[in-house]
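Just one chain is shown here, as structure tokens, and it is the form predicted on its own.
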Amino acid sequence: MATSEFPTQKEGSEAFLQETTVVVFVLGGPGSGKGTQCPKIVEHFGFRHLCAGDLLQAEIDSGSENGTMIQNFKKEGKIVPSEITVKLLQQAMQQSDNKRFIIDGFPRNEENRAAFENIVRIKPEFVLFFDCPEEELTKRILNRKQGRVDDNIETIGKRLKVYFESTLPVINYYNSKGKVQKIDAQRSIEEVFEDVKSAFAKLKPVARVGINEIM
């Protein structure tokens, strides 16, 4: 049977991909500087930048059945199920030649975290946490000139409430595992990136193993 002809090879290949894939979660409140620092990480360290929000929007724009379902969730103000988001991330990772990823703004909550570990079966090397007080985050969001309709005091307050209630427990979970690299995000872009570079410098080099060696 075609589906089970090479089970050992398939399992070995999946194990190989899990072993050689490097994942770093990038977390922090809205306005903490993730969007500024991620392109610098890509340029300096050669990681592939994945953003769950961008992948969801791309799926909507594709006009697929999945995209329509995602759009309906958003229209109704509902959170897209973790399984859908995780599978889009997994697909992007599988299709990439680069096996070093920074995943921006994910996991947003404990359900996201559990779904990623259960489906993708890869644990992050570490979590890059841009730590910034609520007052500073509010000030930054109000000052940025992006013209976003949700950049007003009321909606900013709601977004920050969701972040502190849902995402901080994820950060605390990984901190209990010794996997959080905490960055003081109140400083200048250059000062923050110096600390980011120190965090990434601790990563072990990726082993380059030929696919034939795992069969």
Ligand code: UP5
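So that the term is clear: the rigid core is the largest set of C-alpha atoms that superpose within 1.5 Å between two forms. These numbers were taken from a predicted model, which means no experiment stands behind them. Just count from 1 along the sequence shown to find any residue number.
Only in words, not in the display: the form predicted together with the ligand, which the text now covers.
- Residue R108 is the only one of R100, K87, R108, K123 with a heavy atom lying within 4.5 Å of the ligand in the predicted complex.
- For the options G157, G53, P169, G63, the one in contact with the ligand in the predicted complex, meaning a heavy atom within 4.5 Å, is G53.
- Proximity of V80 to the ligand in the predicted complex: non-hydrogen atoms within 4.5 Å are present.
- Within 4.5 Å of some heavy atom of the ligand in the predicted complex lies at least one heavy atom of G35.
- Looking at G67, you'd find every heavy atom of it more than 4.5 angstroms from the ligand in the predicted complex.
- In the predicted complex, the ligand sits beyond 4.5 Å of every heavy atom of A58.
- Here the marked residues K74, R144 and A185 all reach the ligand in the predicted complex, each with a heavy atom within 4.5 angstroms.
- In this stretch, 112-130, the one residue having a heavy atom within 4.5 Å of the ligand in the predicted complex is N112; the partner itself is omitted from this view.
- Once the cores line up, the CA of V120 ends up less than 2 angstroms apart between this form and the one not shown.
- A movement of the C-alpha atom of V26 falling short of 2 angstroms is seen between this form and the one not shown when the two forms are aligned on their rigid core.
- Put the two forms on the same core and the Cα of M93 is off by less than 2 Å between this form and the one not shown.
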